[in-house]
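In the block that follows, a single chain appears as structure tokens, in the form predicted alone.
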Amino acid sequence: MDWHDDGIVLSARRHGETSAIVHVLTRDHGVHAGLVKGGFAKRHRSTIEPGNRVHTTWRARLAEHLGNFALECTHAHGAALMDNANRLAAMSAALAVAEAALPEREPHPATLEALEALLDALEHIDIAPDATAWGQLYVRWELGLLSELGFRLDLSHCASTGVTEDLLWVSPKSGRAVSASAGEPYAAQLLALPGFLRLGGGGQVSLRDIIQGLKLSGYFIERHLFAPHDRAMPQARARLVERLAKQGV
């Protein structure tokens, strides 16, 4: 049996001397693994770079087999980001989170489209060299991933009073926004809600806001997507947070 699909290379791991086991987030077949024979050979190495958009052909005798991939690179995001370490780190983090969080062989086309949009923005959008602009897009991508997998945060109004103004925090228990007045007695136990995620948004965004957003989305990703399976946040994602935290000192 075989199928054809489009997707993004999430990872490539060596198998034997030159072959690779490649995971691709595809539109109609979800996160799917396959063997690329000679993938790490010099001639083909660039095709399996994480972040590449690829046209994929998968073949196997039975559906449950690993199968073989034939990949055709249609765009290399990683190569385009090589000169910007922060954006390259953001791409690596998003790919790692997608691979770790999404169930294998379960289609999530909305997540693929959102990842494509994030990678396009990292590469093309005319924004400042720091993380204040693309960082917002990254945080929103992670929140979208949570929503796609059934864990949407409700940031539209206060969980306690119902008001939509002065939302400063998020409850780590319910994933709902909390207003300044309702949350003040419990501020130490609540997660900060950065301004760019509040209803209406607007205003200048700082690197501190981005780090708060990453802490917020990261908390719920760990709680809902990784902890139930006794898994940790991918190291690439942890490195992104550490990198930005150092720049924000």
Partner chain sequence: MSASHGMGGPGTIEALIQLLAKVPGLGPRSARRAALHLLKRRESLMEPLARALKDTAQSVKTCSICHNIDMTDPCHVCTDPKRDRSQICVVEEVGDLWAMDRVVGFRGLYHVLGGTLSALDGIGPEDLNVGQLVERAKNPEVKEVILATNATVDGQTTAHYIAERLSNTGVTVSALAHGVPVGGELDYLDEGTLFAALKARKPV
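Positions refer to the first chain, counted from 1. Not measured: the values here are computed from a predicted model.
The form predicted together with its partner chain exists for this protein as well; it is not shown, and the discussion that follows is about that form.
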Which single stretch, out of 72 to 80, 172 to 180, 146 to 154, 132 to 140, brings residue heavy atoms within 4.5 Å of its partner chain in the predicted complex?
-> 72 to 80
Which residue, 37, 45, 55, 224, has a heavy atom that falls within 4.5 Å of its partner chain in the predicted complex?
-> 45
Would you mind picking the one in 167, 98, 112, 91 that has a heavy atom within 4.5 Å of its partner chain in the predicted complex?
-> 91
Is there a heavy atom of residue 19 lying 4.5 Å or less from a heavy atom of its partner chain in the predicted complex?
-> no
Taking heavy atoms only, is residue 28 within 4.5 angstroms of its partner chain in the predicted complex?
-> no
Could you tell me if residue 85 has a non-hydrogen atom within 4.5 Å of its partner chain in the predicted complex?
-> yes
Hey, in the predicted complex, does residue 184 get a heavy atom within 4.5 angstroms of its partner chain?
-> no
Stretch 1 to 36 - residues with a heavy atom within 4.5 Å of its partner chain in the predicted complex = 11, 12, 13, 17
